[in-house]
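The data below hold one chain only, encoded as structure tokens and taken in the form predicted on its own.
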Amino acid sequence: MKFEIVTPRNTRRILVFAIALLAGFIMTRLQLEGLTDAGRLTLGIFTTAAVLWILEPFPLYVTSFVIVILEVVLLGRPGGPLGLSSTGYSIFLHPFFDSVIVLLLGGFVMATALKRYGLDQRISRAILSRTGTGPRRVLLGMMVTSAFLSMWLSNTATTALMIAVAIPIVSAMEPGEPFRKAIILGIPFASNIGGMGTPIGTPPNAIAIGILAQMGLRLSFIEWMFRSVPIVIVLLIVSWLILCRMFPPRIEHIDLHFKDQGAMGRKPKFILVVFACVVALWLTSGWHGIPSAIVSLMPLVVLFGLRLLRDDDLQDLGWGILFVVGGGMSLGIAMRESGLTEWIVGLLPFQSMGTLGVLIVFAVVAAVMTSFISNSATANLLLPIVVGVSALEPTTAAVAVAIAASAAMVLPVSTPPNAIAYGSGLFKVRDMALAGGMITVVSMPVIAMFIYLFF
């Protein structure tokens, strides 16, 4: 088979990459008052990354590598604009081996084990079998299950699983039954919301924790959940009420039929015990003193050491996501060290807006951006800026933006769960836009006000 490098698709990629580099170069040549040479170079890197993350000519993790290369070449050379030593460039590489990366890796390993041994299906069946047969209760059960699984698995995998569970249920309904749309839409919305709940639930959470750690602010696993789980509960209830209101059921009962998986074997039971122990250690790290990242290494040792997971499973872990998180944290270091963050914040009148006003503004900006680009890219672009706003406490600001970056429900392209649900063909874009738009609009003040009032 003939291999061609120059194809129309690759030509577009090369063209977008050239445009991104050109845009970055132009920014470095601008004489902006109050911005140092290092700041101008970092602004160029930021611009290049923004173009690549928005237009996405290649996978997001490739952009992370582009960022590091540009940082080392332009900023990290000895005697360069940052005045680093011969090994000073390593500050841009450290984020790729940060404790947050290890924490995420442990989460991916546990998620892979749960899926490999069918425990995700057992958990979903255990919850749904207790919801009853009323349509609204079934929808609530679907959404609670999706949200809970998304706290520990990827929201993409959770949505794919739950859509597979839901398809036979909605197929048994009359074609004109409006509640079919409620069930299919409720799954991706709940998956997006559930990902807010834990540091491993979605990449923006890990990016926020990593950037805070670079500032010397440590946010533990349970501290994150203490801030986020109440918001998850409130948004789940709001989303459920909106869907029930927009797509009221005409039927009175829904029969749930599940395929019998048989008795649980010894290996799945052992995996479940390991999962419970790891989660317990994550939640109690403040008591026993073992860092969450070290706890995350334990399932790697146990599951791969006992060959419960194999080399193929190692290859299937979310390495790309880890590199995306590392690239965003590396960009945050460059922005802070060069003074670019402080310069950008100084241009905006945050002080006159008040704390709540600033939180709402950043939450809205995050939600709007995530409607069109990935939430990882949104977090990478916004978080280095928001943690530098003096009107906000950094931890409060980072948590608010990270959570808001997962609250975009408007379009199929907004998040992978939305796209998977749309692929079912059971609703139209306007259905998602109307229901998701209402949920997103309600979510922004809820997120901002909850964090403002309680934290």
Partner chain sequence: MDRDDSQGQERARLEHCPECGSVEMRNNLYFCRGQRIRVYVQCIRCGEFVTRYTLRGYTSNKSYESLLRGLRDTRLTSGKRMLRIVEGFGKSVAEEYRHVLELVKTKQDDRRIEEIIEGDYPDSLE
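Positions refer to the first chain, counted from 1. These numbers were taken from a predicted model, which means no experiment stands behind them.
The same protein also has a form predicted together with its partner chain, omitted here; what follows describes it.
At a distance threshold of 4.5 angstroms between non-hydrogen atoms, Phe372 is in contact with its partner chain in the predicted bound form. Shown alone here, Thr36 lies farther than 4.5 Å from its partner chain in the predicted bound form, counting heavy atoms only.
Taking the partner from elsewhere, Leu60 is found to have a heavy atom lying within 4.5 Å of its partner chain in the predicted bound form. The closest non-hydrogen atom of Asp312 lies within 4.5 Å of its partner chain in the predicted bound form. With its partner chain omitted here, the record of contacts in the predicted bound form names 405 to 413 of 405 to 413, 41 to 49, 27 to 35, 63 to 71, defined by a heavy atom within 4.5 Å. The three residues Gln121, Leu317 and Ser376 all sit with a heavy atom within 4.5 Å of its partner chain in the predicted bound form. Distance criterion of 4.5 Å from any heavy atom to its partner chain in the predicted bound form singles out Ala111 from the list Ile101, Leu236, Val295, Ala111. A heavy atom within 4.5 Å of its partner chain in the predicted bound form is found for one listed residue only; from Arg137, Lys115, Arg218, Lys269, this is Lys115. Although its partner chain is not shown here, in the predicted bound form the stretch 406 to 443 places heavy atoms of Pro412, Val413, Thr415, Pro416, Ala419, Ile420, Ala421, Tyr422, Gly423, Ser424 within 4.5 Å of it, in sequence order.
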